[in-house]
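Just one chain follows, in the form predicted alone, and it is written as structure tokens.
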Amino acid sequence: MDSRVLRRKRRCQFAAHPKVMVKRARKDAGKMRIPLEASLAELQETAKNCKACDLWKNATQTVFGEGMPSAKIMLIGEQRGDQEDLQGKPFVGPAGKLLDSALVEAGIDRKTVYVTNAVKHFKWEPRGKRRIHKKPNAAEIAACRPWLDAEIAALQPKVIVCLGATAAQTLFGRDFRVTLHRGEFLKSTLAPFVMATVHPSSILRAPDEETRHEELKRFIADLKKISRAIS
């Protein structure tokens, strides 16, 4: 087998055995006083007081995941944006609206989806009167990882979709490249179906209308694969 193909095949096998993941989640949860065997509601309440890194100091509030405890699909983004930070809910800004419309186009009922982010506080820098998103660093992502592990353990989703590089690398390591594996079903013990695709905000940042249209079509096509997989 060609060495490049072999390396790519190996990269498609991600995540620890579920017992290992649970063991790690419990160890980290103990350090952060995350309730063991907690429900999503209990995790959300406990996360309000999280000070595992310094991001809480400049954020309005912790913004936890949102969705029905019985949701089959878990979408993971990077971190909260300005509107999410102010309103206390994930994916309520422009990228969230685009995501909602893409889910409709893909035939996915929003009620079957749980949305969250790898980082629960808003990291930003001032630009005039605006608060501009700033990419979280490795230490901040690692500090928030126990919450994500706990969410996965509580929800036990059938599908996990990582939206963007930060979310994918949080679960699969810093060497993971969305550009190489976009839209693929990855071999993982985190859920029966695991996929990585772009974050909706990247579509909004496209340089022109034609590119935005094409990127949105590709994004909807990725989501349709999920819809077919669970139907």
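Numbering starts at 1 and runs along the sequence shown. What you are looking at is a predicted structure, and each value in this text was computed from that prediction instead of being measured.
Not pictured, yet referred to below: the form predicted together with a small molecule.
One residue of 144, 152, 95, 159 in contact with the small molecule, assessed in the predicted complex (non-hydrogen atom, 4.5 angstroms): Going through each option in turn, the one that passes is 95.
Judged by heavy atoms and a 4.5 Å cut-off, are 183, 219 and 222 together in contact with the small molecule in the predicted complex? Negative, none of the three is within 4.5 Å.
Interface stretch in the predicted complex with the small molecule - options 71-79, 100-108, 123-131, 136-144, non-hydrogen atom within 4.5 Å: Of the options, only 71-79 has residues within 4.5 Å of the partner.
At 4.5 Å between heavy atoms, is residue 114 in contact with the small molecule in the predicted complex? Although the small molecule is absent here, residue 114 would stay clear of it in the predicted complex, with no heavy atoms inside 4.5 Å.
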